[in-house]
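In structure tokens, the next block holds one chain alone, the form predicted on its own.
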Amino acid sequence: MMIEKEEIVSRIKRLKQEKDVVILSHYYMPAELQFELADGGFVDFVGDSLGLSVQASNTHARNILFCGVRFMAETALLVNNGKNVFMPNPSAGCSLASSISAADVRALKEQYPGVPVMGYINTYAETKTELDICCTSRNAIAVAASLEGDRIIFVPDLYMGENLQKVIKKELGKDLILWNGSCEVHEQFRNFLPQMAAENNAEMLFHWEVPEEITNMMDDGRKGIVGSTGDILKYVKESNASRFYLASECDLSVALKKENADKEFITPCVKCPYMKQNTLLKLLEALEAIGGEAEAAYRIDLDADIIAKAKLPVERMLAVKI
């Protein structure tokens, strides 16, 4: 029997209170999973992966339900000691996180002895155990500045690394040694270069993860930004422009439109198939399972040894001032 959407939302609101759950939702979630408390919804926080994990650590909730992909929920487990972490669909993976393993990082360290390894937060916990320090798309330059030496191994995103290299070389005089990983969503935007070029009256919103051939458009004087999701949101809010071209996951436009109702956003609407494995009904099913025999199917568990080792590069990153 099909449950009406209003009934699902009502059940979610009731169960999250009964079971002491804080609900986190990434910007790339379907719009129905970005329904915040302030708007009469059920989501406590909408944001990027690390920001959500840190926000959860500042709440008293015993249980975290993370609407995102698995590496995000693993990171929430790392920074929330003693709390239980669940996902609506724990099998939701990530092409970028899957592009590198702990063994790959060990091999890089053998190839480049003594060179520090800076790993994007978009990695699985087991991979993090071999990193010297983590970074996000927002703090990567500050983290790079905190490391000694004139070379840094950056994993796993090749395109983000190429884009960062321009800034890091100019500002810090350091070179990045890159790994050939990528986000299957952001790399698709190279197919829309002609469309972007034709949008002469729109300012460009490029995530660090898009291929360098796209961000090179900015060298020709196009207005816009290359940066993190947070950078993009801030840029649009402060810009006087009325029209923007978004080269990032389609549902980021939900937050952009919510905060900038008077502005227009053009996007090819490339969606992440892993993020979209989270649905309203799966969220409800996970909530119903928490505290019962079925909760193991939704719980994120990691070996104690992996947690202890993977926490270190995350904690080192959080100690860097930006």
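Since the model is a prediction, treat every value here as computed from it, not as a measurement. From 1 onward, residues are counted along the sequence shown.
The discussion below concerns the form predicted together with a small molecule, not included here.
- Residue in contact with the small molecule in the predicted bound form (any heavy atom within 4.5 Å), chosen from S137, N84, S99, T215: S137.
- With the partner left out here, the small molecule still marks one of 193-201, 104-112, 142-150, 206-214 in the predicted bound form; by a 4.5 Å heavy atom cut-off that stretch is 206-214.
- Heavy atoms of D48 reach within 4.5 Å of the small molecule in the predicted bound form, making it an interface residue.
- In the predicted bound form, Y28 approaches the small molecule with a heavy atom inside 4.5 Å.
- Contact check for T129: no non-hydrogen atom falls within 4.5 Å of the small molecule in the predicted bound form.
- With a 4.5 Å cutoff on heavy atoms, Y120 counts as touching the small molecule in the predicted bound form.
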